[in-house]
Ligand SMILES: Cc1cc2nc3c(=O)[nH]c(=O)nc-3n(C[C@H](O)[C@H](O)[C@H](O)COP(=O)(O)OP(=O)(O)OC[C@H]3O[C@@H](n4cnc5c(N)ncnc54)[C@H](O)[C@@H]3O)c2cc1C
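Next up: just one chain, as structure tokens, the form predicted on its own.
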């Protein structure tokens, strides 16, 4: 039994949110034990795929914007500390019908928080960004601060920073059970048993079973990311093509990136409607799925019609309203949960880690998280369309 068998906090799951929580706790001088069932920055969950979107004019709700602004600061600090690029600014386009939820939501956040932005006509989109095919009635919200995050590097940077600050990180160790104990918790794994004053559950698509006593309203969804070879590289270069979300039909989205690296141009359809569990997810990608994506691209990014270089799956863990869950366990306040990021959480990882560290250390956080409280589901709020990705 080593010195870490009793700690200030156990962090269960070391993906985007867990790695950030371990980092912020360790930097506050807490004794931290992080437990991950796979290897660091693995590809079995939701924090992989070589690129993720960060954007500021957040269509999902204006309340996200202050958290995003703090996340930008923290990503910058982490990038400076680690010495590797974590964020590539490209600007961003939210493309769709002028009265659609994407454009109207982005405008609402931009206007509420006085963010720099432009509303572009279809003619202006075609002139500035010739890779896109847009109908005459289509518009776009341009924002300058959006860009590309590199998720595997971000997770590894948080883990390295946590380790440098004294956190103990255990990989390939699976949690079997946890239970309240003397105002703290006991955590049993397939290798050992630990006690802690606090338990932070950041287990992504595994959160539901781990917190089965809560009956969380979570649904795990399989989604596919594609990398295609463009017919011409120049229009897809980072200085010519920003990150984008495209509402190509009402409440139907694709999202994508410029070409970064040598592995083609990444694009994905947001929300497949194919629900699964981490154990039953279908990892193969069928020719029919590729054909459906090519059909969408023919009307949106027609130059992205070359060879399919790769297609991989990931999992969204969705809440009924598309907003996160960040809260304390209602019966065991020493347990803090962060889950249900609904396919748009990665960009928030450093600020979510800061929030979790503050909740575990001080019992409260300076950040506005009322939108994410678990109690909202007891009111049976109406379901809204899925939040956009990134």
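Residue numbers count along the first chain shown, from 1. This one's a predicted model, so the numbers in the text were calculated from it and none came from an experiment.
Keep in mind the form predicted together with the ligand is missing from the figure; the text below concerns it.
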What is the one choice in 315, 86, 134, 169 with a heavy atom within 4.5 Å of the ligand in the predicted complex? 315
Scan 174, 240, 113, 250 and let me know which has any heavy atom within 4.5 Å of the ligand in the predicted complex. 174
Segment assignment from 24-32, 359-367, 327-335, 340-348: heavy atom within 4.5 Å of the ligand in the predicted complex: 340-348
Judged by heavy atoms and a 4.5 Å cut-off, are 61, 72 and 106 together in contact with the ligand in the predicted complex? no
Verify the contact flag for residue 157: yes if a non-hydrogen atom of it lies within 4.5 Å of a non-hydrogen atom of the ligand in the predicted complex, no if not. no
So in the predicted complex, does any heavy atom of residue 12 sit within 4.5 Å of the ligand? yes
Is residue 57 a contact residue for the ligand in the predicted complex, using a 4.5 Å heavy atom cut-off? no
Please determine whether residue 322 contacts the ligand in the predicted complex, using a 4.5 Å cut-off between heavy atoms. no
Counting only non-hydrogen atoms and a 4.5 Å cut-off, give the residues of 41-63 close to the ligand in the predicted complex. 42, 45, 46, 47, 52, 53
